[in-house]
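In the block that follows, a single chain appears as structure tokens, in the form predicted on its own.
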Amino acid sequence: MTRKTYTVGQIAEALGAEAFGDAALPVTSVAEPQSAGPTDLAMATDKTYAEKLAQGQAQAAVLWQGADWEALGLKAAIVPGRPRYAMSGLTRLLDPGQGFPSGIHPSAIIDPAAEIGQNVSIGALSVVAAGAQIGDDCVIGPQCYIGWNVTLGPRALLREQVSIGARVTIGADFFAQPGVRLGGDGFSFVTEDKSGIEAVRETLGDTQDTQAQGWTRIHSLGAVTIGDNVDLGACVNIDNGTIRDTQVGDGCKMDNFVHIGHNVVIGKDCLICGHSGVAGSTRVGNNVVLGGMTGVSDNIFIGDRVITGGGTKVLSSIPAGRVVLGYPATKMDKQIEIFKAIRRLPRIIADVAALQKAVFKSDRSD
């Protein structure tokens, strides 16, 4: 594979960073300091990483503010204001892509009633159904399915085997990793008479007045609406709404194996980490972060800027700005105190047992 070559100066200019030394030095890729070759840009963004530069062959590196690049034996350096943020622009610039060819593959099936924009790539064995509208500059990988009356905004990138069901609407600059599934029916079933689940909600445990019954599907008449600049990780599933659409706001990012249930509304710029799930009809505010394996109950509200730690189970609404952890979700500082108390329990139990034994002996001696 032939990689595009940039100079240190070109990369610095693209990042809005300062360049030092030989700005004409060529760069073909990035690497960790200890494994960098002569044309790699080493990521030595703090002193700990910089100590490993001598193990590699890097001639240029991304360094932290105030670093002495010459003392590190480099010929050139790039010093951004925030090195971690610079990673975003740097990796975007040097990303070799997936190698998807331009144009429409001969094996792709495009319904005559679909509308395909300019400069669109559609991969092998992909299907675009009637009424679908594909925006300009979209890249649809192999074995994807774009359903009936789907709207896909400009500059979308769908990796292989992405499935978008009927009537889904997606904004601009959408990015879907392999196996994303949008627009499946919501998990919504009902019984003819009151079910055990409904009784439990009302009584918190008493189901004596219910009987065993079969389940009947509630069909999903809504679809899914996704805003601009949304990234979905591998195997994300977002269900259709029952009557109205399930909604995901602009700028949201979801990690692998996230599940968003029917009727959920998610605000802007939320970050939802791997294996998290949000149950039906819950509303999530703006700039919310759900740590890995967070579970959110149905029909509740999570306020703006809420952060949950990994493994948190949210069973009730959370006000804006709160940081929570645990099962059930509690303010993080309180939950840490609970964890500490749990670790002390064996010693406390032993102390109580010793006290009981001493009291028992004292009672017998009287």
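Numbering starts at 1 and follows the sequence shown. Since the model is a prediction, treat every value here as computed from it, not as a measurement. C-alpha atoms forming the largest set that superposes within 1.5 Å between two forms make up the rigid core.
One more form of this protein exists, namely the form predicted together with a further copy of the same chain; it is left out here, but the text below deals with it.
Asker: In the predicted bound form, do 7, 54 and 121 all put a heavy atom within 4.5 Å of a further copy of the same chain?
Answerer: Negative, none of the three is within 4.5 Å.
Asker: Are any of the heavy atoms in residue 243 no more than 4.5 Å from a heavy atom of a further copy of the same chain in the predicted bound form?
Answerer: So residue 243 counts as contacting a further copy of the same chain.
Asker: Is there a heavy atom of residue 346 no more than 4.5 Å from a heavy atom of a further copy of the same chain in the predicted bound form?
Answerer: Answer yes; at least one heavy atom of residue 346 falls within 4.5 Å of a further copy of the same chain in the predicted bound form.
Asker: Hey, in the predicted bound form, does residue 216 get a heavy atom within 4.5 angstroms of a further copy of the same chain?
Answerer: Residue 216 belongs to the contact set for a further copy of the same chain.
Asker: Classify residue 301 as contacting or not contacting a further copy of the same chain in the predicted bound form by the rule of any non-hydrogen atom within 4.5 angstroms, answering yes or no.
Answerer: Contact with a further copy of the same chain, no.
Asker: Which of 151, 177, 225, 282 has a heavy atom within 4.5 Å of a further copy of the same chain in the predicted bound form?
Answerer: Here the answer is residue option 177.
Asker: I need to confirm a contact call. Of 80, 171, 267, 295, which residue comes within 4.5 Å of a further copy of the same chain in the predicted bound form, counting heavy atoms only?
Answerer: In short, 295.
Asker: Counting only non-hydrogen atoms and a 4.5 Å cut-off, give the residues of 261-281 close to a further copy of the same chain in the predicted bound form.
Answerer: 269, 270, 271, 272, 273, 274, 275, 276, 277, in sequence order.
Asker: Would you tell me if residue 24 moves between the shown form and the other one by 2 Å or more at its C-alpha, with the rigid core held superposed?
Answerer: No, residue 24 moves less than 2 Å.
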